[in-house]
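Listed next as structure tokens is one chain, alone, in the form predicted on its own.
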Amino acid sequence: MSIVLDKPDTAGGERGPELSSLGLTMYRFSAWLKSPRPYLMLIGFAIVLGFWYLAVEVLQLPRFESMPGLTEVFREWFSKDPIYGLSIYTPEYYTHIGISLRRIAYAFLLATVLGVPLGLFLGWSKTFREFVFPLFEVLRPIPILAWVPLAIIMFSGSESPVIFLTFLASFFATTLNTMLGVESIDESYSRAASCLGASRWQVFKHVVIPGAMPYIFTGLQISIGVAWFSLVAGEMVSGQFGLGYLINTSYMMIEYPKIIIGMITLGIVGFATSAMVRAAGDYMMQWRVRELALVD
């Protein structure tokens, strides 16, 4: 399948403007709907939900008999008068989502602002990498939960430690993928630009940054995912409100349907934030979107 990206030649022999970004997006969405992918996705969801229903409510398999069933969870989730006090009709539900989203936004923005430039310079300057990268690699494998005591000591209140813990994992993922993106660029491009008279800064601006962008946005998609993972861990230990706090307190209060509601909500909101990062990447890399449209 291919797509014509240019309008027909005008009377003067000049080619018309390329298809707009909205047109490309609509084309790719239409191609996605015509492909088997959305239907396979629905089948995958149906298999998981069907197994959940059969394992818990019908067969009552070992290790599953104490879990909340599919019908119990969805009845609670969409009830106007929920038994455990949490559903799509209760303000508390949206309070948890809003606070978690706010913490993610702060941590992800900070990780992007600091991680992308650091990763660019780590990949671009060998001297800078020799100074910084060994320390980076020593700190990166430390689990987020190991930082919890220090985070509580260093930051006052309940918000700052959670944001710091969320920032850490996101920062490492963003920085590492950005550095790998710079290292993946063929040196012949930089040499060619230098031979044409480009300064070192111009090479960095016009060759290195655009060349690393696919890796940067791949890293940002990974970053937003690990940010949610770290956020839940932080909220379980040091948070007040938030989806991680909801899951932890529901377990302690033996309100198991609320645990599943919190987990599903995390998945939905996390998927939405990843899609937003992906859309931002497509908007900033129109050349890549056109390339993908041509090979679909």
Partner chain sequence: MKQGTFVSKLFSRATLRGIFAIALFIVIWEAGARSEQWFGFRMPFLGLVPPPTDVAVSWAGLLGDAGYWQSWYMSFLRVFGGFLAAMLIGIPLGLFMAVNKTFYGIYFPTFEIMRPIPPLAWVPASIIFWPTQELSIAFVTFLGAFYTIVINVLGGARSINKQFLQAAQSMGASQWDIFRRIVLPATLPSIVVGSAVGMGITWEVVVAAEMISGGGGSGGASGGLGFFIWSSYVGGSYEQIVVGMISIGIAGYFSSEILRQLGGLLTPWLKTR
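What you see is a predicted model; the values in this text were computed from it and never measured. Numbering follows the first chain given and starts at 1. C-alpha atoms forming the largest set that superposes within 1.5 Å between two forms make up the rigid core.
There is another form of this protein, the form predicted together with the partner chain, and it is not shown here; the text below is about that form.
Answer range among 102-110, 173-181, 151-159, 77-85 for contact with the partner chain, defined in the model of the complex as heavy atoms within 4.5 Å: It is 151-159 that comes within 4.5 Å of the partner.
Non-hydrogen atom contact residue 94 with the partner chain in the model of the complex at 4.5 angstroms: Although the partner chain is absent here, residue 94 would stay clear of it in the model of the complex, with no heavy atoms inside 4.5 Å.
4.5 Å heavy atom contact, residue 145 and the partner chain in the model of the complex: It does: once the partner chain is placed as it appears in the model of the complex, residue 145 has a heavy atom within 4.5 Å of it.
The partner chain contact in the model of the complex: residue 241, any heavy atom under 4.5 Å: No.
4.5 Å heavy atom contact, residue 63 and the partner chain in the model of the complex: The answer is yes: residue 63 has a heavy atom within 4.5 Å of the partner chain.
Output flag, 33, 114 and 220 jointly within 4.5 Å of the partner chain in the model of the complex, heavy atom basis: Checked in the model of the complex: no contact with the partner chain for any of the three.
Any residue of 214-237 that, in the model of the complex, places a heavy atom within 4.5 Å of the partner chain: In sequence order, 228, 229, 232, 233, 236, 237 come within 4.5 Å of the partner.
Post core alignment: residue 268 C-alpha displaced by 2 Å or more between this form and the one not shown: After core superposition, the C-alpha of residue 268 moves less than 2 Å between this form and the one not shown.
Core superposition between this form and the one not shown, C-alpha change of residue 229 at least 2 Å: After core superposition, the displacement of the residue 229 C-alpha between this form and the one not shown stays below 2 Å, so no.
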